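Taking the form predicted on its own, here's one chain by itself in structure tokens.
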Amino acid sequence: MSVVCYSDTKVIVAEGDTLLSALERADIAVPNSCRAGLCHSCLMVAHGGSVPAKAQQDLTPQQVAQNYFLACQCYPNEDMEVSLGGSDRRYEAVLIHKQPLNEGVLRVRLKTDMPWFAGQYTSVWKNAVDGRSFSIASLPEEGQIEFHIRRRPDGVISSWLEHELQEGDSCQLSEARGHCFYTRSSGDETMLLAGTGTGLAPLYGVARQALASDHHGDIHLYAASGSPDQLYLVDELAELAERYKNFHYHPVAKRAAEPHPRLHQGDLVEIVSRRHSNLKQHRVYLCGAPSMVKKLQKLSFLQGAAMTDILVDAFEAPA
């Protein structure tokens, strides 16, 4: 038998019994429906102990990487610590750096022991009730979590982060969530990353994680804004393109006063769909304005990308 810790309760799971059944006998409510591993209603996450392979069948690589599993298919073979997949565990974080990247974007860096993958998102909490979700631009091995925050004078959280929270001050973060992060497969497929505004943040993290993981397929990153002055991290991305021959940076501006040899002008969806008409064997990451994400998600599928290879993070409304 195994002992599973859920919240403050320890549950004994007999050999041949599922975790879901054992939790129910302990009067712990777990969402469930089919009990056959099909509906994924009983999705949980492991914080300690190994997850049996059967409990992760048919989950995405991103879910497996985050230790998600299905309670109805989990026959524990050792002690585990688990929680519901939608739990809202919070972590302490300390502000260590903040810096304007342009007139509209603030870079914020925090020190925390929260686990994450570059490209996921988390909520920053000012207090028990006021929080806002931001995508993660930094790699775990960098030891600090980085956000690119749209500067809003009337923003409850963005204004607080920019003007009130000082270096050395603490705040809280929710568990990192989302599947829009890099997972290594063959390392040969072409990666297409497209984002608007601060949708660049997760793409910046994903691209650098892929390069750090020795991904040798081509990586195309499109970062779009309304005008050239709203683009940011231009020099950093151009430097990455010079350092790595398989990384290609494509800045996009919807409008520009004059032509520029490195700048694509026009609509991001039209530019990407025209330049990448065949997306078979591609991995696609789309982040930013929901309208753009929805259009490119559909076009990417129609142009050959598998739905499981189209990872999205729609979080910023169009300006």
Partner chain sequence: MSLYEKLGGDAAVDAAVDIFYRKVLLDERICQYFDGVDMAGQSQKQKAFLTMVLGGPNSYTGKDMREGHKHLTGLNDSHVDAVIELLGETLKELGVGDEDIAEVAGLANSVRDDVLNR
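We call the rigid core whatever largest set of C-alpha positions still superposes within 1.5 Å between the two forms. These numbers were taken from a predicted model, which means no experiment stands behind them. Positions refer to the first chain, counted from 1.
What follows is about the form predicted in complex with its partner chain, which we do not show.
Put simply, of K54, K254, H260, K294 only one has a heavy atom within 4.5 Å of its partner chain in the predicted complex, and it is K294. Residue contact check for A305: one or more of its heavy atoms lie within 4.5 Å of its partner chain in the predicted complex. Taking non-hydrogen atoms only, K298 approaches its partner chain to within 4.5 angstroms in the predicted complex.
When two forms of a protein are overlaid on their rigid core, residues whose CA moves 2 Å or more are considered shifted, and P251 is not one of them between this form and the one not shown.
Shown in the overlay between this form and the one not shown, fitted on the rigid core, is a CA shift at Q172 smaller than 2 Å. With a cut-off of 2 Å and the rigid core superposed, Q73 has a Cα displacement that reaches or exceeds the cut-off between this form and the one not shown.
In the predicted complex, the separation between the C-alpha atoms of Q57 and D214 grows by 3 Å or more relative to the displayed form. In the predicted complex, the separation between the C-alpha atoms of Y121 and D58 shrinks by 3 Å or more relative to the displayed form.
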